[in-house]
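Included below are structure tokens for two forms of one protein chain, each presented in isolation as structure 1 and structure 2.
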Structure 1
């Protein structure tokens, strides 16, 4: 018990003193996760909007696929990206394996279905409510999709935040494609796993506290947005 208390105190000291190693890991983690979320949002939000308002053959199958991919095992994504980026893979000559870029690719693939599926549901609900009004105004489906994306922008922000939370907490895929290289591809989740296995609890606890704080902050922001939307639109 004393060892745990001492480790906790050392962890707080690392956080309070802005330890260089800890800070570097946190910054790299945020850079990778934010990049992945940006890519997934640029692709996923329009995809979700199109699926919400368009009617085409195979639409239901695509919705089922997106919903299924929300639970895609991270290690499977990591393995697939590893095979694509390895020397024997089609993208091997790019030399991206065991780099932050590879980790961004893996996280983007993981959270793209989440953002696309959740945004599709949000926009489809709005489409059911405003379809008749938009049609009466002569809006084409593409214009309607853009209008609904803007109208549901606050809800879509919470969708993106959910994607970021998933990316920030991910460990399986990034450790496979990143290699957990010290000072290069070591992020919060992989460092926590490594340092815990080594028995170096202070750094693991410090990063764990920061990660939990980040998740709580994201949930707080999402809750505040939902409350603001409810007050504004009833």
Structure 2
């Protein structure tokens, strides 16, 4: 209990102090996770939409696979990306290991299945409702996929936020491919892991509170936009 009070004080002190170092870590965390979410959304939402409306051989297997990959352990993703980007690996010459780019790649891979699988479910549910109407209007499956993505946009915001939450919270992948290098690849979660290692539990927990606060704030903003707009558009 005492430790938690200490942690709260530590969090307030960190926020109050707002030193450049902490700001840098927070900004880097947001840049990496938002970039990863953007990439995963650009790929995952259309992928989910196509799987939702198309009928092809192996579709059910693909759905099961995507759903299962939602539980992909970050460490496994980190290791895979590490081995790809290592100098001894196939993409070694790019020299991307231990860079923020490597962290974006790892997080994108981690959350792509989440965004694709959840959007597939959302869009497929909508497709059941819309199918006859859209086909009656002469929509081909490609048109339908686009229309459904637009019409389920409120739910898809939540899907994207789920992806962001996962990206912002994970430590296993980024610590392996980023190396937790001070000032270069150190983000909120790896800092928390480091401070925990050093036994500075209040500082670690304080940082954790800031991270939760940030994710909460972003979700709050997205939620209120969604609510306001949905009230208008039904």
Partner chain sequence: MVGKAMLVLFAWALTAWPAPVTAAERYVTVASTTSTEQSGLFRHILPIFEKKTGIRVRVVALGTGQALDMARRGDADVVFVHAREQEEKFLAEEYGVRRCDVMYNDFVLVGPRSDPARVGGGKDIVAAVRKIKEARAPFVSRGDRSGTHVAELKLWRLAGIEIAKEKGRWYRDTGQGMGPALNTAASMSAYILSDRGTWLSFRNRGELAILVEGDKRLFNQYGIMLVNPQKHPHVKREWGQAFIDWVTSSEGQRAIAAYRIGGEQLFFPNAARGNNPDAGSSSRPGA
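Positions refer to the first chain, counted from 1. Definition used throughout: the rigid core is the maximal C-alpha set that superposes within 1.5 Å between two forms. Owing to the predicted nature of the structure, the values given are computational and were not obtained by experimental measurement.
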Item to check | Selected structure - the one that is the form predicted on its own | outcome: 1
Next on the checklist: Superposing on the rigid core, is the Cα displacement of residue 202 between the two structures 2 Å or more?
Outcome noted: yes
Next on the checklist: Checking residue 224 here: with the core superposed, does its CA move 2 Å or more between the two structures?
Outcome noted: yes
Next on the checklist: Quick check: residue 25 between the two structures - does its CA shift reach 2 Å or more after fitting the rigid core?
Outcome noted: no
Checklist entry - By how many angstrom is the CA atom of residue 9 displaced between the two structures after fitting on the core? => result 2.8
